[in-house]
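Shown next as structure tokens: one chain only, the form predicted alone.
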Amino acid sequence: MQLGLIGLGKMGGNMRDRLTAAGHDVVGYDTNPDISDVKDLAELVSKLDAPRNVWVMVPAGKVTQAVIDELKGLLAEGDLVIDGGNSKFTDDAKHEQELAEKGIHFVDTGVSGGVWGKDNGYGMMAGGSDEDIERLMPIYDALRPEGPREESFVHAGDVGAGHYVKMVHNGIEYGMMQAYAEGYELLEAKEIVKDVPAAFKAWTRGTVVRSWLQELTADALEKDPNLENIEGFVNDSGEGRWTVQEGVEYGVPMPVISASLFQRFFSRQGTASPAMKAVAAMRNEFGGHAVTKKGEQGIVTDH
């Protein structure tokens, strides 16, 4: 199956490799000419047979909007655009409406798996019509891990539902990371505990707190047992904020997710703790997110 893929960074580049290995014909575009297959979006569209499928994998907000705007001018009726980035779910209805003016279809897809997805596969949450989701199923099946489809892919509902489910997924992720981080800090503080990295490693099998995040924390501690080489400065990419805002809107108490989000704010005001070093280390392990190394000044990124 042919696919245009826009954005070949940490996630997009690995997705191209996984899809190509599965036998799909991927035409990739990136602003970095060293990794791009084509010089611009017009050339990408020209290399795809109609009806075209174009997957957008760029930063949420203004960058995604600019790509959608350009694609609207290049694509034709019956073509389909997939936003696979971390866009806010409220943007999806707008993008769907804008593209529909030319008869272009739209699907939103939340993607989880980080930098490990190339080898392990990606979990995906999609929103759109039944027909459009079915049309893309060969791509989804190639990207997801082996095993039952329902364990790594969901057609969550209408346009916007995919990003909404991914938003809540990331909010849960915030809370889980904070719990592991606080446990790490307490273990570090207790004098009778002599090997904190080994304690985290020992939770990998047989315990009720084992998880991929726990494994990645153990890996980070194995590399830097006291997390001495990073600062406890932690950014947030937006989904945690949106999750809490939705909780307020619908009257759903979210004390854990809210507290984990506010801890990230605290970490950027010079009140970093060993726990926030652990959160920073986890983000780097699963997503390749930049860490602030010891002695460096942390920079708040856009969300």
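The structure displayed is predicted, hence computed values, not measured ones. A residue's number is simply how far along the shown sequence it sits, counting from 1.
Beyond what is shown, the protein has a form predicted together with another copy of the chain; the following relates to that form.
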Contact test, all of Ile192, Val244 and Ser273, partner another copy of the chain in the model of the complex, heavy atom 4.5 Å: yes
Sort through 73-81, 94-102, 134-142, 201-209 and report the only stretch with a non-hydrogen atom within 4.5 Å of another copy of the chain in the model of the complex. 201-209
Heavy atom within 4.5 Å of another copy of the chain in the model of the complex, from candidates Ala66, Ala42, Ala259, Ala50, belongs to Ala259
Would Leu3 count as a contact of another copy of the chain in the model of the complex, using a 4.5 angstroms cut-off between non-hydrogen atoms? no
Applying a 4.5 Å heavy atom distance criterion, does Asp37 contact another copy of the chain in the model of the complex? no
Gly157 near another copy of the chain in the model of the complex, any heavy atom under 4.5 Å? yes
Find out whether any non-hydrogen atom of Met167 is located within 4.5 angstroms of another copy of the chain in the model of the complex, and reply yes or no. yes
At a 4.5 angstroms cut-off on non-hydrogen atoms, which residues of 152-182 are near another copy of the chain in the model of the complex? List them in order. Ser152, Phe153, Val154, His155, Ala156, Gly157, Gly160, Ala161, Tyr164, Val165, Lys166, Met167, Val168, His169, Asn170, Ile172, Glu173, Gly175, Met176, Met177, Gln178, Ala179, Tyr180, Ala181, Glu182
